[in-house]
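Quick heads-up: it's one chain on its own, the form predicted on its own, in structure tokens.
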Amino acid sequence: MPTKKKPQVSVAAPDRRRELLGTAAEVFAEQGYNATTVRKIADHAGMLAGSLYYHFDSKESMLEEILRTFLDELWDGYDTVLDAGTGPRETLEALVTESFREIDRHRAAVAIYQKESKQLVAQERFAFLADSQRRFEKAWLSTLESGVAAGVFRADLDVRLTYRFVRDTVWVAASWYRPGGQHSPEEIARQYLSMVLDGIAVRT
């Protein structure tokens, strides 16, 4: 009597999951979280809405994984920079460069974060966004304050204002940057830093 074959788990499942999350991220970024339905994501992925539930139990789960993946990778890069023990200027340059690299890797997630985070933090499952924001602010402010104290950045620098300017002008790049374009993330960071640092560095 023939035996039943055991169901096979597709080795492509993790890749398919990443592909679906990438599609969901693009839809969330373009249409907004509230306006996006599971059906819309499924339509863009070329599948039935019911099939999408095989991979994720809700659109909230998809969004959480998209944002957690982005922030986990961002902090892996930031922590490497902050633990390197370089001077304030070198640290600032490395943080900016790492930020542009993350925009290159997770452009849609960055756009979602910028548009939706203020509303999402009110939900318990997205409380990690507020925690990350506090870490982010501390890392950048401490780097700028160290630069002022060391005489690398101007003594009259308004550190908090500078932080907000750098933060906003870097991350807004997600609205126009497209991976594979004419300039690499490193080249964009280099040109950006040449403009910013001429304004905040001590004049010699």
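Note that residue numbering begins at 1 and tracks the sequence as displayed. Nothing here was measured: the structure is a model prediction, and the numbers come from that model.
Beyond the structure shown, there is the form predicted in complex with the DNA, which is absent from this document and is the topic of what follows.
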Q) Pick from 58 to 66, 162 to 170, 139 to 147, 175 to 183: which stretch has a heavy atom within 4.5 Å of the DNA in the model of the complex? A) 58 to 66
(Q) Let me test this: is every residue among A13, R16 and G50 within 4.5 Å of the DNA in the model of the complex, going by heavy atom positions? (A) yes
Q. With a 4.5 Å heavy atom cut-off, would you call V38 a contact of the DNA in the model of the complex?
A. yes
